[in-house]
Each structure stands twice: as structure tokens, then as C-alpha cells.
Ligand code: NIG
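First, one chain by itself in C-alpha cells, the form predicted alone.
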Amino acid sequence: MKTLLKNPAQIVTVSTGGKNHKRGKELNEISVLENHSLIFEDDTIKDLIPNNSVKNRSDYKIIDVKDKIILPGLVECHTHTAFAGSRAEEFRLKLAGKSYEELAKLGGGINTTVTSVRNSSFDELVQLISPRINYFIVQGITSLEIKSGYGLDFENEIKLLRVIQHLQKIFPITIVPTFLGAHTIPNEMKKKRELYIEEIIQRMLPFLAENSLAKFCDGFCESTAFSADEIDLIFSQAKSIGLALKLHTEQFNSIGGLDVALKQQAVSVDHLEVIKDDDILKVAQSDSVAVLLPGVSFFLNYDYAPARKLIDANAIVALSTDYNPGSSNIADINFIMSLAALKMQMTIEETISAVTINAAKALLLSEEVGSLEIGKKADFAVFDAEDYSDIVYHIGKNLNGMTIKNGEVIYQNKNG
């Protein structure tokens, strides 16, 4: 049966004309329709029609969205949702003046969470992560990336990826698994880093590829984590067994990671807080998505990525929460959009493009989701607002009243 989303205030299509991403000034073009309704059948968008042509549609299922805004289902393209434990004590130390890098050198940071994950069972991790996924769904997120990276040995990295695989089966949204064994060197391998890298290349990567446990291989190229040469070795192996690539790079130091990622044709380069001006053009001239994470800058009281320079240079820019327990304990995509507008000089339209079509491209999903175009999936976020500007204007307030995934209503605000 066909379904009619009837009489919304606005339909924000983020149309791309078939390109399935937006570069530079195109991010401002979000193609807003007024006085239109949207038709989908099963899990596919069929048409967008003027309201005056909506008459006797008794054969359609009707969903009344009067005075609401329809957006593509939001895409969360960089999260570390699969974790256990708290880093509240670490947060207290940061407020007292300790830097993220200082804590990492003392054996804290990521490795604190590693200990908690290793001490958690499969079922305990499922119970911890499930409410976090529900929280994303409530916000209108219909596609969600989740990284491993808090196991840092064969047993526990595979455990995390199997947990994510299980969550894929029990939640109605698209969950994209990313292997992040190259997150940092685990404490017990600090003096044997070559052996840990060998473990990633020779044991972890082949196993997860054979068992289809990840779509992407990610890494952290940083002075407290992995060098550019080490990332290059890991990425070469990952690419050879069919994994797509992502890279955390240029967050605190520029040590060559960006060049490796671009050479290896990474789908996305994430963070870029300290990217050099000379390197901005390299990103802009590539097909890699620049995934910017303003929540980290806010949480660590640190530099924001140069979004304006990247967009003006014609880059493909996306936004994400980077939700994690240590450097961005923020799971609110609305707040991230508002931060990007206020702190990174992005327009409201640019933030919308960045959490829809460009975030979808960062997950290799943009041919199916991220914009409201005929033939794409019926993934929608329906906001209780009369103008799309309200979504960014109401800082930290979730205005999403309905989430639709593959044509099915998977969340509805009962007070809406």
C-alpha cells in the first residue's frame, strides 16, 4: 500500500540531482518544498506532489504531518557508542587542567574504557548500548555508525564487533560497524607495539573480514596513538581484504595521517581540528568526506575544525557527534548542528546537508538515503516545527516527533 505524508509545512529534500553528495556552496542548497506532500510505497519514495493534487486518496494510508517539517532520516556517521564504564573522574581532571594527551600518556584515556569493556560480558554490553541506540532513534537518526576500538586485543575487539552485529539484528535502523583496533596501543603492549600492529594485520583483520563483522577499518593517527607509516601498513591490509577506510587525523597534531588517508582513498577523514591551510585544498580536491566533530572541541575546550575554509574550498563536509565517553560525551545531533552554526560559521542549511546526504556519503549509503529523492529509501525525520531553522535555533532541544525507517514508523512522540 502507498502511504501519504500529508500537508507538512515544509519538505526539506536536500536534493542532489543524482550526485548523492554536496560540495562547497552546494551544501547551502537544501531544496525546500512548501505546499507539497510525499508519497512512498513499502520502503521507497515514489513521488512529491503539490497539495492541491491530493484529493480522493482513499486507497492510501494517510499520515498527517500538518505544520511539521519532513527531513531525510538523519545519519550519524562517527560514533564510539560501544563502550562500558564512566570517565567522569577523567572529566574532573580535565577541568583541573590536565589535557587529553597528558591523560593518555599516563595510561588513562582510551585505555580506561578498554578495561571496562574487557570486564563486561556480551550481554552486559548489549544492555548498555541498547538505550543509546534508542536515544539516537528518538532524534530522527535512521542510520548509525558504531566503532569498536575499546577492546584492543583479538578477543575483545571481536566481542565488540559481534555485539554490534547483534544490535544490527534487533534494531530497525541501519547500523554500520567499523573496526577500530588501531585506536591506541593497549597498556600491556606499550613496549611491544610492533607485535600489536602485527596482531591487527595478521589476525584481527582477516578474521573480521572472513566473518563479515565490519564495513570499515578506521585508525587514529596521532602522536599518542599510531604513526602515519603504521596506519599505512594497517590500511593496506584492510583495503586488500575489501574493507573501506576511515581515519581519525589532524586532531591534535599533523603527523602525516591525512596524506596516508588520501593516498589510500579513505571514504572519510575525521576531526581535522589542526589541519594546515595547505592541506585544506588536498581534502577539497578529493572524494573523501571531511567529517567534522565540534562536540569534541566543545568538550575539550579545544580548537574547532575550519569548516568555513573547507566548505569555501569546495570540500564535502559532514558533521557527527563523535559520541564517546572520553572526549565527546555528547549524543545530541541537534546540539552538534547548533555548535557548527555558532562556532564553525556554518549556515543552518549547511548543517542540514552535513547530517543528511554528506554523512550518508561518509558511510557509503548516499545512493539509498540522505536525501528525499524518488527511488531512495523511505527514511524520514519529522520535526515538530514550522520552519527548518527551528531545528538549529532550539539549541539542545530535540524537536523530532516521528522517525520513519524503510517506510515504518519506529518512533513517535506521544505528546506530539
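Residue indices: 1-based, along the sequence shown. No experiment lies behind these values; they were computed from the predicted model shown.
Keep in mind that the form predicted in complex with the named molecule is missing from the display, and what follows is about it.
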Worksheet entry | 4.5 angstroms heavy atom contact with the named molecule in the predicted bound form for residue 150 | yes
Worksheet item: Applying a 4.5 Å heavy atom distance criterion, does residue 251 contact the named molecule in the predicted bound form?
Response: yes
Worksheet item: Is there any non-hydrogen atom of residue 338 lying within 4.5 Å of the named molecule in the predicted bound form?
Response: no
Worksheet item: Do residue 324 and the named molecule come within 4.5 Å of each other in the predicted bound form, heavy atoms counted?
Response: yes
Discussion item. Let me test this: is every residue among 68, 380 and 393 within 4.5 Å of the named molecule in the predicted bound form, going by heavy atom positions?
Written reply: no
Item to complete: Check each of 74, 110, 316, 238 and return the one that places a heavy atom within 4.5 angstroms of the named molecule in the predicted bound form.
Response: 110
Discussion item. Can you pick out, from 304, 216, 220, 196, the residue that has a heavy atom within 4.5 Å of the named molecule in the predicted bound form?
Written reply: 220
Fill in: Option from 76-84, 256-264, 119-127, 198-206 whose residues, in the predicted bound form, bring a heavy atom within 4.5 Å of the named molecule
76-84
